[in-house]
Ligand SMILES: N[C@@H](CCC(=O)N[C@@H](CS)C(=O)NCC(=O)O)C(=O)O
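This document starts with one chain, in the form predicted alone, laid out as structure tokens.
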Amino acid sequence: MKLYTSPGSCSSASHIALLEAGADFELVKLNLKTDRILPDGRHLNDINPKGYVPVLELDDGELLTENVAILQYIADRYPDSELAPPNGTIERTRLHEWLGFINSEIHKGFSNFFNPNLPEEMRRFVTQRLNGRFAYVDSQLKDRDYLLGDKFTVADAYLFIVCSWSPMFDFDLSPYKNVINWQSRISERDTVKEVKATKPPG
């Protein structure tokens, strides 16, 4: 397998998941801040017409896109890693619930801040909305080590990477003590340390 990633982006969650699963894979790094040219000369759009990462290339050449789909594919391909509850269980549905929430409410919220021309009024609105979302996450982590309970899952990997953007946008997570403690636990995982140390090319 090959994971096409831009270190520090949401694709780093898929990188964490592959390491957690003990998968045999090749990491293909891009620097989306400079260009979208792959090491072999192709353009990122050649493998993902949507123009972004992650992209997971399977051994048979099949290409998967969208972080939420790739994370669950990795978990299902390597069930012994326990990165997701078994299909058909209420716990698996809870994982879907978390991934949907992280994708649409937190990741999408932070995405607004990548716009250098974001009006101040819109910035205040997005910040207020994100604070409400993090208040919910904080309440859910009150008596849990991880989002689904006592096991690290792909949802934790995804949320951790998105939360790592908060200093870049001057978004203050300090009011959310349970989130801060959760971040600290996640950051101590060897896989997370390896991914955080991965630098983009150039």
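Just count from 1 along the sequence shown to find any residue number. Computed from a prediction, not measured in an experiment: that's the story for all the values here.
Here the subject shifts to the form predicted together with the ligand, a form of this protein not shown in this document.
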| Location of the ligand contact in the predicted complex, chosen stretch of 130 to 138, 145 to 153, 166 to 174, 46 to 54 [non-hydrogen atom, 4.5 Å] | 46 to 54
| query | R77, R94, R123, K108: which sits within 4.5 Å of the ligand in the predicted complex by any heavy atom? | reply | K108
| query | Hey, in the predicted complex, does T89 get a heavy atom within 4.5 angstroms of the ligand? | reply | no
| said: With a cut-off of 4.5 Å between heavy atoms, is V28 one of the residues that contacts the ligand in the predicted complex? | reply: no
| Counting only non-hydrogen atoms and a 4.5 angstroms cut-off, does N103 reach the ligand in the predicted complex? | yes
| task | Answer with yes or no whether C10 is in contact with the ligand in the predicted complex, where contact means some heavy atom within 4.5 Å. | result | yes
| Do heavy atoms from each of L32, R36 and E66 fall within 4.5 Å of the ligand in the predicted complex? | yes
